[in-house]
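To begin, one chain is listed below as structure tokens, in the form predicted on its own.
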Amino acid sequence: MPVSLRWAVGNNYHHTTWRGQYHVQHTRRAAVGVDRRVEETMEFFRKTLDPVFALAAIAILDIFLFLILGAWTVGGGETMMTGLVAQLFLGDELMRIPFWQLVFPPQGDYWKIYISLGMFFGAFVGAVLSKEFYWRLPRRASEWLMITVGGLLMGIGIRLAFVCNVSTFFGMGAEMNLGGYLAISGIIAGAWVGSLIYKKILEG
């Protein structure tokens, strides 16, 4: 091989090898950087906020929400979603029930619907990013029964009291409303009794 050709081939070989090594090192550094950013994101969502800081942040955001839109409730949005689903199946027949005609006329633009959906979406994203999301289904028929009965009782209680636990804790409680404190006492007592029943059935 002529000297000039050997020189050209040799330089080209060394140049190609150097570029390959640079590409591998660059790819490895980029992969390490991505892994580090993913790990930092996971750690951020795994952290538990200090309760005092979290409640202070919720209180401040709640003030702005009240000034802009109104009191923060979750039960109202879920009630409206239930009404929209019922209207989908029943049509105008739903209006024969006074509750849906006078108290909660189904409206798709009811802003509390999107508060509930936003909470669900935020919880889902946080769980996925922290790699703590998983499906859990009750294994026993008794658990399904307890969930169904508990959900129905919660729904009935919400509609009878016309508030939900969120508005009770962060609305009526903050306003030092006596009814709010009575409701909070009932929620705590009910949660305690319910946990005892749940534990007894599971251990049985």
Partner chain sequence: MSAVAECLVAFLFGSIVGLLVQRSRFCNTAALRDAIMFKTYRNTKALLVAMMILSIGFTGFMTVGAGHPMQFDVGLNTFAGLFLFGIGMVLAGACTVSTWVKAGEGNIGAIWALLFTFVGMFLFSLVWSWNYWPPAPQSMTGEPNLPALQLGFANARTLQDKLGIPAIFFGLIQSAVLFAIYRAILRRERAQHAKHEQHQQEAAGQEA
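Computed from a prediction, not measured in an experiment: that's the story for all the values here. Residue numbers count along the first chain shown, from 1. Rigid core: the largest C-alpha set superposing within 1.5 Å between the two forms.
In what follows, reference is made to the form predicted in complex with its partner chain, a form of this protein that is not presented.
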item	value
Contact test in the model of the complex: D109 vs its partner chain, heavy atoms, 4.5 Å	yes
Proximity of G33 to its partner chain in the model of the complex, heavy atoms at 4.5 Å	no
Contact test in the model of the complex: L117 vs its partner chain, heavy atoms, 4.5 Å	yes
4.5 Å heavy atom contact, P98 and its partner chain in the model of the complex	yes
Those residues of 145 to 178 which, in the model of the complex, come within 4.5 Å of its partner chain by heavy atom	M146, I147, T148, V149, G150, G151, L152, L153, M154, G155, I156, G157, I158, R159, L160, A161, F162, V163, C164, N165, V166, S167, T168, F169, F170, G171, M172, G173, A174, E175, M176, N177, L178
Yes/no, L137 Cα shift of 2 Å or more between the shown form and the other one with rigid core fixed	no
